[in-house]
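The chain below stands alone and is given as structure tokens, in the form predicted alone.
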Amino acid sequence: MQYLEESKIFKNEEILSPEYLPEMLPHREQQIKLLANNLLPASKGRKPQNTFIHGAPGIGKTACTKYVFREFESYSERVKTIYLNCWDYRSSHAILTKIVLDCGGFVPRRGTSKDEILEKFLEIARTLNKGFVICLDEVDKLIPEGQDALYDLLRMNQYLKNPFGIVFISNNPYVFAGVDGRIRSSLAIEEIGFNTYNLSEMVGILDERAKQAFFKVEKGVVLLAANRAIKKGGDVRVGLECLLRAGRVAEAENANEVKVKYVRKVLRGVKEVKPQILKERINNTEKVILDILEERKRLTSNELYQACKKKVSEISDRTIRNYLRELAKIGLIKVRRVRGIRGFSRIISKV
């Protein structure tokens, strides 16, 4: 903290963190209003509207949901909101455990069945006498393997007298197209689509963050960072990363302000954020597969199997196929089916 207090550049570096939730979210007023109206019945003892939020990465879907959740927690004692990311919670057992813990309950780390955890939550719900709104961010991770978790949550109103609603978030607007019929018939969702920011909106968002984060910024810094963010899919996190890195360069050079030349210095190193986040979340074997493809660029499925087996002991072709399917699903690799002399084969490459 002493280092930050003595900085001539940063007033508050945390403002540039992707996890920071501002007091206001410009250019998302309509989406916030729609979501708040959908959830408002929970504060009046009625069932809220299940809502599906979709759009490209880094355009405010999660931030808007957390913002609305924060407002409900602040102004209504009759609603309990719980946010979870399905990368971290992929089963009914894990999700129900998270819900119980967030409600102040206790679940032993081992030996507790899903039904026991559900009963514990129902007991807590009766005591709290509140409505519940659960956010399942990156709900893609529950499809298809975690569909039972979706089914269990969608049936929650059969067990509860308390209002219970779900907010789903995904980059993919068609994420529910392939789910089991019993789930699709129970979704009852209203969709809220998020468009990508235009350049003017991106400049406004980053300018506000820069004013709060830095003491002094040269004209043109924010526009350059905003341009980079737009070129990388309109992801605000790219712009924030440009500003953060430029600020650190300015600090290292003992400058008195963040200058355009510092942004230019870091631009090439600022990549799309989503792939970087995904790479941090995949398991070690999946990372091995990506490393192999980094070295070899493109391989047939059989070549990749053989290369992978040299690096990972006791792994079957089926397990590798499952990992490839998962990596393709989240967009880190590309699998192309091509016709050869001996029939069809699959060519695998990094995206």
Ligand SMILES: Nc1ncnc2c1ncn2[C@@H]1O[C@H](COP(=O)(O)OP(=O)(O)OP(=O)(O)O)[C@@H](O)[C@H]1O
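Start at 1 and count along the sequence shown; that's the residue number. In this text, all values refer to a predicted model and were calculated from it rather than measured experimentally.
Beyond the structure shown, there is the form predicted together with the ligand, which is absent from this document and is the topic of what follows.
When the ligand is considered in the predicted complex, P26 lines it closely, a heavy atom lying within 4.5 Å. Proximity of V221 to the ligand in the predicted complex falls outside the 4.5 Å heavy atom cutoff.
At the 4.5 Å threshold, heavy atoms of F214 stay clear of the ligand in the predicted complex, well away from it.
At the 4.5 Å threshold, heavy atoms of I59 reach the ligand in the predicted complex. For the ligand in the predicted complex, the listed stretch (255-263, 229-237, 128-136, 174-182) containing residues with heavy atoms inside 4.5 Å is 229-237. Of the residues given (V100, I192, I205, L153), I205 alone sits with a heavy atom within 4.5 Å of the ligand in the predicted complex. Between the ligand and the residues L290, L40, A63, I315, the one pair within 4.5 Å by heavy atoms in the predicted complex involves A63. Using a 4.5 Å cut-off on any heavy atom, the residues of 195-218 that reach the ligand in the predicted complex are, in sequence order, Y197, I205, R209.
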